[in-house]
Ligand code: IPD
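Quick heads-up: it's one chain on its own, the form predicted on its own, in C-alpha cells.
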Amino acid sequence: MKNVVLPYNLKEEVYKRLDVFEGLLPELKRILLELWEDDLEVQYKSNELDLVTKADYISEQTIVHFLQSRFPMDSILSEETGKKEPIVNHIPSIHLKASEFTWCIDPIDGTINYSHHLPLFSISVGILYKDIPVGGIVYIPALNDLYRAVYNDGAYKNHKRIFVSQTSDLKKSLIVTGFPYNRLEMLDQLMKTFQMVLKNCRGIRRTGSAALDLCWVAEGRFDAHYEWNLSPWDTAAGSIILKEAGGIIVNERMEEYQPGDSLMIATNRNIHQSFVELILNSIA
C-alpha cells in the first residue's frame, strides 16, 4: 500500500458506506434483469468491441443519484460519465469539507455478456481512500452472489468468509484472463502469453468480467488472473476483495497493483512467484 496515513475510523466509515449501498442492490437487480428482456439500444465507444447499453446508463444513473443523496461529501468515478466532485463543492453556502473517499463504479462489468444474455456480468463498486482501495462490493445479479470486503477485515461471499485456493503447483492451477478492447494492437503479445500459460498450467478460462474474475480467484475457483489495460472501475472492488481473501496482486513492475496500472497479475499467493515470472517472461 502507498505511504498513506489511514484515519482511525476508516473501517467504520467504509462499513457504513457498503451497508447503505447494499440496500440498493435489489433495485439494481430488478432494473438490469427487466431491461435484459428489452431493446438494449447498443452503442459503441472506442470500437465495435467496446459496447455500452441503455442498461449501463440507467444502472449508473441510479447508483450515482443514490450515492450523491446519501454521501454528498464523497467523490464518484464512474465508467460512463467520468469523475464527479462532491456535491458540497458546488454549494458555497455550505461550509463542509469534502471527504477523502471516492466511489469507483462500473454499472455493468461484462456488458458484452449482458448484451448476449449471458449471466456472467456484475455490478462493481469500489471505495477508494486517497486512491487506495479500502472497500468493495461486486454483485452478480443473475446468480444473486454478493462479494464484499473491507480493508484489514476479510472478504466475504453472501456474508460468509472466503479464501483463495491452496494450489501450490503451477501445473495444477486454473487461470482466468481477459482481452482488452485494443486487442488487435497487441495481438502478438496476447497470444504469446496465452501460449505460455497453456503450456505451463492446467487450463485457462475467460468469463468476460474482470470484477467477477477477481472474486472467483478470491474464493478459490481460479488460482490466478492476469489482464492488460483494465480501468480503475474494473478492479477497484475486486482487488480489495482478492487481497482480503489472502491473494496477492501486482503490476508489471512486480509492485503492488493500483487501479489503472497497465498490467494486473493476481494470484492465490502460493503460486505467486512462479506465475508472475511466467507472465513477465512472456513479455521479455
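In case it trips you up, residue 1 is the first one in the sequence shown, and so on. These numbers were taken from a predicted model, which means no experiment stands behind them.
If you look for the form predicted in complex with D-MYO-inositol-1-phosphate, you will not find it shown, but the lines that follow are about it.
- Note on contacts: among 78, 173, 75, 111, the single residue with a heavy atom within 4.5 Å of D-MYO-inositol-1-phosphate in the predicted complex is 111.
- Residue 230 is the only one of 63, 250, 32, 230 with a heavy atom lying within 4.5 Å of D-MYO-inositol-1-phosphate in the predicted complex.
- Using a 4.5 angstroms heavy atom cutoff to D-MYO-inositol-1-phosphate in the predicted complex, none of 154, 216 and 223 count as contacting.
- Heavy atoms within 4.5 Å of D-MYO-inositol-1-phosphate in the predicted complex are found in one stretch of 134-142, 157-165, 174-182, 194-202, which is 174-182.
- Using a 4.5 Å cutoff between non-hydrogen atoms, residue 210 counts as a contact of D-MYO-inositol-1-phosphate in the predicted complex.
- Using a 4.5 Å cutoff between non-hydrogen atoms, residue 84 does not count as a contact of D-MYO-inositol-1-phosphate in the predicted complex.
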